[in-house]
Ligand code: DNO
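The chain that follows stands alone, in the form predicted alone, written as structure tokens.
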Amino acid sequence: MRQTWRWFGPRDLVSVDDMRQAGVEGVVSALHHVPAGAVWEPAEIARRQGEIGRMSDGRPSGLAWEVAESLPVSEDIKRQTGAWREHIANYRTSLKNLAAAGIEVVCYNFMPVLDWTRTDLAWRLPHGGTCMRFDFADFAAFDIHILKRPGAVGDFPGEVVEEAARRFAGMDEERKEKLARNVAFGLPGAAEHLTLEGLRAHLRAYGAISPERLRSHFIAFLEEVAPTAEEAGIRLCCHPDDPPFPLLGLPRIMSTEADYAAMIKAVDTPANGITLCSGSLGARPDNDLPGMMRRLGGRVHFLHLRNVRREGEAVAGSFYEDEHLAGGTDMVALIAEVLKEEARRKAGGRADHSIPMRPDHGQDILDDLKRQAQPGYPAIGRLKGLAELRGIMTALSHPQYGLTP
């Protein structure tokens, strides 16, 4: 397992020097300033590579940009509206440009409008640190009473609707505004952040798009870009929905093992693969992460290793970002399956036998609380998670266990 670290560019408060001291082997980054649908130009790719390759004192960092996350899929592509054909052509050009720069793994998602959704970006934990949280009742309060989406009441259980009304009644204006900002925050570092009116406009644009129709658009996108990726030597890997259940009346089509199996079957090429995010998928009680790795591992091109603590067994519900070895996913069992898959790949002569992984998210602890980096991406919290994951990898890779690839 190749140990990587997500970096949001020069404005990231966790620096290249910090990554170097964390002992990571490669870097995951993106051109967040380039709008979705535009081409990632060679000069911009080279600039980011140069930024990653230098420490603050100008010395070589020894690190390289190894995974692009995310090369965004525009809303026009997802809806097949506007300039969607031009955007697909631009996407293919960007893939070629990334390949020419030596980047072989490209993560993306097909989530409508929001790349992830949380109601609290700094929820206080008993030990004094903070983490990100999705509270189902708070989200219902936002959807029903702040966004005022038509039909929202019918999308929540009755007891959640009642609790949402009680909570909204107790919110002052500052709390309402903070909740709205949190929900609409989207992807950290993205070129655009949504306003409430902008979110309403996006929802109207998706009004007639069913899950089946969105899935057909997704397959059409893959049919266009996967051959380009295969020819260029790129491994595409789709990130799951986060959270993995419907929100805001929007369709969700990458939330379960069945969703991934259907995607692989529809466009059956090695270039069409999976970002196995144990946190996103782990927010559903019916997702078996070790089993998914065992059954779909041949197409897993990238790993996000994090854990969430679910607060119920319903498919849709509240959860928070737990420590990497806590939460609902058996991380030891999952990593064991990853190491077995890597061993199979190495025995089969696959050049990609070492799967890149990154310690995804992390709780803000110690000096993270002062640094206030991108939500979910603290320095020390992620380093703690990486150290814990390394411990599992080291133990399971011991020769007596036979898992060393």
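All figures in this text were calculated on a predicted structure; none of them were measured in a lab. Residue positions are given as counts along the sequence shown, with the first one as 1.
If you look for the form predicted in complex with this ligand, you will not find it shown, but the lines that follow are about it.
- In summary, the region of this chain contacting this ligand in the predicted bound form, judged by heavy atoms within 4.5 Å and restricted to 251-259, 110-118, 163-171, 216-224, corresponds to 110-118.
- Highlighted residues Arg133, Arg309 and Asp364: none comes within 4.5 Å of this ligand in the predicted bound form, counting any heavy atom.
- Taking a 4.5 Å heavy atom cutoff to this ligand in the predicted bound form, the contact residue among Gln374, Ser61, Ser70, Gln49 is Ser70.
- Out of the listed residues Lys78, Arg284, His324, His239, His239 is the one that sits within 4.5 Å of this ligand in the predicted bound form by at least one heavy atom.
- Under a 4.5 angstroms non-hydrogen atom cutoff, this ligand in the predicted bound form has His304 among its neighbouring residues.
- Contact between Asp368 and this ligand in the predicted bound form is not found at the 4.5 Å heavy atom cutoff.
- Contacts between 355-375 and this ligand, taken as any heavy atom within 4.5 Å in the predicted bound form, involve Arg358, Asp360, His361.
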